[in-house]
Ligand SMILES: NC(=O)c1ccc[n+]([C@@H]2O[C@H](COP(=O)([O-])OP(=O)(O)OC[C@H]3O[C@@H](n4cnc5c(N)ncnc54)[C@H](OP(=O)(O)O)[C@@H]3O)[C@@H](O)[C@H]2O)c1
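Have a look below at one chain only, the form predicted alone, in structure tokens format.
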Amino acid sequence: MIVGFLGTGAISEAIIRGLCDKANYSDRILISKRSPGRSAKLAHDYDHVEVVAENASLVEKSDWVIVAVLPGQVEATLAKLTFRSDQKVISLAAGIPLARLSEWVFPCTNVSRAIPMPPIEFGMGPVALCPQDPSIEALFGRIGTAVSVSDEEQFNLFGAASAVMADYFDQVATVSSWMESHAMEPDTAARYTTSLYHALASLTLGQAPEDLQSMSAECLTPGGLNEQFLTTCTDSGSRDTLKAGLDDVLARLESNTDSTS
């Protein structure tokens, strides 16, 4: 199977490196010449990765085409290309619904959307997929946790939830810099904080939904430090702010779907 990438940004690179380094994927991978430095480096690092100068040639040679250009570039990019009915097209572009994608790649009817996260380069993290497709789940399941739904409205929830990434990194950085402000050496603060957040995140993996809801309460000793900090954050409205932020992103994603359906 030949997989072609239209667009060679950071997420495309993460998928390719994850497949090659973590999943031992050995079939041909074609990448477009966009981001020439990144494309050349990938082709240098992996013998089965090939840079293709023209998008039309890349699509012609590929069994699966992964669309990894910016959302505003998707229509213009796909409109210039000819797809086949026996291909699969997987779009990574946020907010572009399946119905519109299907129009642009006809007669190909096997069209999916995906939200890969940067850690898949290291074989970790979720890959949200829509609709459910066992073969696509199998590919992405080799480099992360494939989570699929067939309802596009449900898929938008994945999109909204993935928007917490920058906030998460900002929280880690804030805790680290707070420790520095109290005269801790920066490397020491960063080493402790990153290990703390990594360990806490690891504890959530595989937990049942009901257990996730109880994990916070289980950390609370009456009158203890965790209770004090959680109470301060809750009283300041941090939980409501988190939900409001998710609602805002979801509304944006749903409006894109509504306006193009």
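Residue numbers here begin at 1 and follow the sequence given. Note that the structure is predicted; figures quoted are calculated from it, not measured.
The protein also exists as the form predicted in complex with this ligand; that form is not presented, and the subsequent description refers to it.
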Look up in the predicted bound form whether residue 28 has a non-hydrogen atom within 4.5 angstroms of this ligand, and give yes or no. no
Answer with yes or no whether residue 173 is in contact with this ligand in the predicted bound form, where contact means some heavy atom within 4.5 Å. no
Close approach of residue 93 to this ligand in the predicted bound form, 4.5 Å, heavy atom: yes
Report whether the minimum heavy atom distance between residue 70 and this ligand in the predicted bound form is within 4.5 Å. yes
Can you pick the stretch from 136-144, 150-158, 174-182, 109-117 whose heavy atoms fall within 4.5 Å of this ligand in the predicted bound form? 109-117
I need to confirm a contact call. Of 226, 194, 57, 35, which residue comes within 4.5 Å of this ligand in the predicted bound form, counting heavy atoms only? 35
